[in-house]
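Presented as structure tokens, the chain that follows is alone, the form predicted on its own.
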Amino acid sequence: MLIKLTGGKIYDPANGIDGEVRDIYVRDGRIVNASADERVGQEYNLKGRVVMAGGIDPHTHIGGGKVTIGRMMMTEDHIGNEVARTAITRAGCGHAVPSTLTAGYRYAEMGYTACFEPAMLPANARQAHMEMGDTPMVDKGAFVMLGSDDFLLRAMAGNKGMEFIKDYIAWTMHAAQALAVKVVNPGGISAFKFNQRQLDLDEKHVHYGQSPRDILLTLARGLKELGVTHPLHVHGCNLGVPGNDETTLATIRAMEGLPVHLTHVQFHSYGTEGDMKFSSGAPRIAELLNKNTNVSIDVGQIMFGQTCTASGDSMRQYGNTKSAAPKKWVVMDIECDAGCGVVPMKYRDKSFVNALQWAIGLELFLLVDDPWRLFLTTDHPNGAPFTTYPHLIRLLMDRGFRNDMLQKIHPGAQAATILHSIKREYSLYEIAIMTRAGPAKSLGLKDRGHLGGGASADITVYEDKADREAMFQVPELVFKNGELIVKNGVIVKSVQGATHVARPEYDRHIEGPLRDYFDRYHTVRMSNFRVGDDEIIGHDKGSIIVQPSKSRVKAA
């Protein structure tokens, strides 16, 4: 059946369409170029409505052990946030760390159709995929964590060479069913196990003798030569530490022009100026980002209220335990891979530090010139739940509203930020880049994030309201693969999204040393470590979309 969406204002940056009134045709779940005389089976009149592709969240913690720990710890988060079962949806709960079901429903109700878990440990990949498989409505995928894993650090220390390391990276991506690779506090999670309490960019790991710079360059080069689309996804050194703006600047310079994505940069943009020895490094970082087109970022905006931080960065999470609210936390080691830390957090607008963190994130959004290299995130749930996105969008689009909110925060933070002097207001076109076209391009999702012919018919329709928060909070219509799944913010059909993976080539000879390593050091056999296609397709009732492979490049 041919479906026609008539007369909407289309915002489709991937195809250069900025608010033009056009018709969209959908057949068999795809956007098609239909002729005017073709018979239409169903038509939606979208006159005056804003039409975008389905939203894409490139960094949200929706699966894996740390999220499960957060759900178990935060019993307070469930009370008052229960969701009753309906004829279409199942029961759930949670706000900061919602259940899998609730997370999928809330994303869809907000107009999002794809979400990506950015920190999947290889040893925990099976659980992560089970949780993502239990998250309805949205496509998903995960970035596998490397950089503190014992096998990689041994290989680097033993000068095994780039081809060996590339084979290991690619094998791990296959085994974990990953779309990309993430590094968290490169080498730092491992160093914490050897009683190091910090690891700066050029500081050597006490046991392996490798620095974070060494690890970053090795992984970034490996991914580029393997042809993986999304660049190395980097959670840098010294998260949350005053003075880490210098580390972030040094990290950008250290990448030698290699493609890299720096994540939740707000948490890495802190200076040491002023009486409180805490200041904004956002202007300097934004200036350098604007000059280095090999670097993309997401912000990790904090929003005021209760949330729960959940990270593989056990070193830094251990340091954050003193700020836990409520006072409980978990920090743990995970086999030979890495570790994790879960620390509840409540951000307060009357706290100088929290208020300045809020302002720093907004400074980054407003000072980075290119929205194609800047993605809208709160590092859910670390900075705030993803359900705060509509409020964040209004802050970016409405300077008057932003300045009103600025007047409510700690006076010292108001004086320490340049936010009041920034006149920039985001357009709908730029919001569509940051939340749709940009993430799709970065992740290599060729048929997502746009409304051109052949694209998957993931489409969101909004009423064009002056109050942008209200507009983005409750879309009128959301289509997933051409099926209407949300109407006026209410789920009308429950669907299961696909899992996106990348499978770069590798030499199977790597399996010999890996098998020996597993037999000696791991508690599971290598054959049981690998997540099979059938586990995602059968057990999780899903499907797999394999990103087309690029040609592998030999190391220089």
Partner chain sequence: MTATKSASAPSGSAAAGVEENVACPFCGILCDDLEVERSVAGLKVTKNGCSLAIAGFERPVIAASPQIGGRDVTLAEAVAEAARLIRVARLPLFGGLGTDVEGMRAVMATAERAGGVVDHAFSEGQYRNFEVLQTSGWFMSTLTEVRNRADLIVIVGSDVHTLHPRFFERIVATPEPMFLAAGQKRTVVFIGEGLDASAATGGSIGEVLTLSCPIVAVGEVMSALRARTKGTPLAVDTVAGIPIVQIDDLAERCRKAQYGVMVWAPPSLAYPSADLTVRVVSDLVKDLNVTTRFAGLALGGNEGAVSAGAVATWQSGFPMRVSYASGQPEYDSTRYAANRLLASGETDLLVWIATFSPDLTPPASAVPTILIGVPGMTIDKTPLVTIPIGTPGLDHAGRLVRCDNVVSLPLKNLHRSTLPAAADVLASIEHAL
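On a predicted model such as this, the values are computed, not experimentally measured, just so you know. Residue numbers count along the first chain shown, from 1.
Below, we turn to the form predicted in complex with its partner chain, even though it does not appear here.
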* Structure fact -> For its partner chain in the predicted complex, the stretch among 170-178, 79-87, 408-416, 229-237 with residues bearing a heavy atom within 4.5 Å is 79-87
* Position in contact with its partner chain when the complex is considered in the predicted complex, options F479, Y426, Y347, W329, heavy atoms within 4.5 Å -> W329
* Identify which of N124, N185, N382, T435 has a heavy atom within 4.5 Å of its partner chain in the predicted complex; exactly one of them does. => N124
* Asked: Are all three of D202, E363 and R373 close to its partner chain in the predicted complex, meaning a heavy atom of each within 4.5 Å?
  -> no
* Might T293 be said to contact its partner chain in the predicted complex, defining contact as any heavy atom within 4.5 Å? -> no
* Asked: Wondering, does R197 line up within 4.5 Å of its partner chain in the predicted complex on heavy atoms?
  -> yes
* **is_contact(D28, its partner chain) in the predicted complex, heavy atom dist at most 4.5 Å** => no
* Asked: Can you check whether R394 is within 4.5 Å of its partner chain in the predicted complex, heavy atom basis?
  -> no
* Can you tell me which residues in 272-298 come within 4.5 angstroms of its partner chain in the predicted complex, by heavy atoms? -> none
